[in-house]
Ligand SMILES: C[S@@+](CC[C@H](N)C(=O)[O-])C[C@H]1O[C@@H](n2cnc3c(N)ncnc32)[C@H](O)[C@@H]1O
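This document starts with one chain, in the form predicted on its own, laid out as structure tokens.
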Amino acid sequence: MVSGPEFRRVLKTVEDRCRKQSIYMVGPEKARFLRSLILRAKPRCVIECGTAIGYSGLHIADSLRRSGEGRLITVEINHERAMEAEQNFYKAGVGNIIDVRTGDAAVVLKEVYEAVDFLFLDNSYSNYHPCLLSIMPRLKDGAIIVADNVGIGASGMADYLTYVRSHFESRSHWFELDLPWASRDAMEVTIYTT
């Protein structure tokens, strides 16, 4: 299924708002990479920690729709942003495959009971490790874990990076960016094994 004009319009509106108001988003360069990972993996259940107003969630959901299966559970701590993201998802035509939850992701993830094969961490850096520990009992063998902002936020997520790099196959991928708050950053891609 190809994204229609309404999806593209909503995505552009969200991206423009993020750029103008410094609402952190992955940006197009990292979004393309995230999409490629999802299209290759074809996950049944994706968890996203840090929804903001839905930029990366739109990319994830569109990739799931293109692969023909899967759904997204996305968690945002800010209630107003979560509601705005949910509206954006429905306007873009992907709301039916996205479950928006509000609260501290490390707590909310303890209430996810299905098997998870893709985890995207893009919330508070200090919460990456607690979020991983919360969802780990539900991660499938071979699940892909993607952590954003590994270049600009490495010190804030040092406990997370130390853990995944010492326990699993894990690699940093660097990107040149065109964002108001960063010109270069990285994502850490980890393959979870039991």
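Note that the rigid core is defined as the largest set of C-alphas that superpose within 1.5 Å between two forms. Quick caveat, the model's predicted, so the values are computed rather than measured. Counting begins at 1, following the sequence as shown.
Not pictured, yet referred to below: the form predicted in complex with the ligand.
Contact between residue 118 and the ligand in the predicted complex is not found at the 4.5 Å heavy atom cutoff. Mapping the unseen interface onto this chain, residue 134 falls outside it, with no heavy atom inside 4.5 Å of the ligand in the predicted complex. Taking non-hydrogen atoms only, residue 86 never approaches the ligand to within 4.5 angstroms in the predicted complex. The ligand in the predicted complex comes within 4.5 Å of no heavy atom belonging to residue 157.
Heavy atoms within 4.5 Å of the ligand in the predicted complex belong, among the stretches 63 to 71, 164 to 172, 46 to 54, 137 to 145, to residues of 46 to 54. Scanning 97, 100, 77, 112 against the ligand in the predicted complex with a 4.5 Å heavy atom cut-off leaves one residue, 77. Using a 4.5 Å cut-off to the ligand in the predicted complex, each of 26, 104 and 124 places a heavy atom inside that distance. Residues are counted as partner-facing when one of their heavy atoms sits within 4.5 Å of the ligand in the predicted complex; in 81 to 99 only 81 qualifies. After superposing the rigid core, the Cα of residue 174 is displaced by less than 2 Å between this form and the one not shown.
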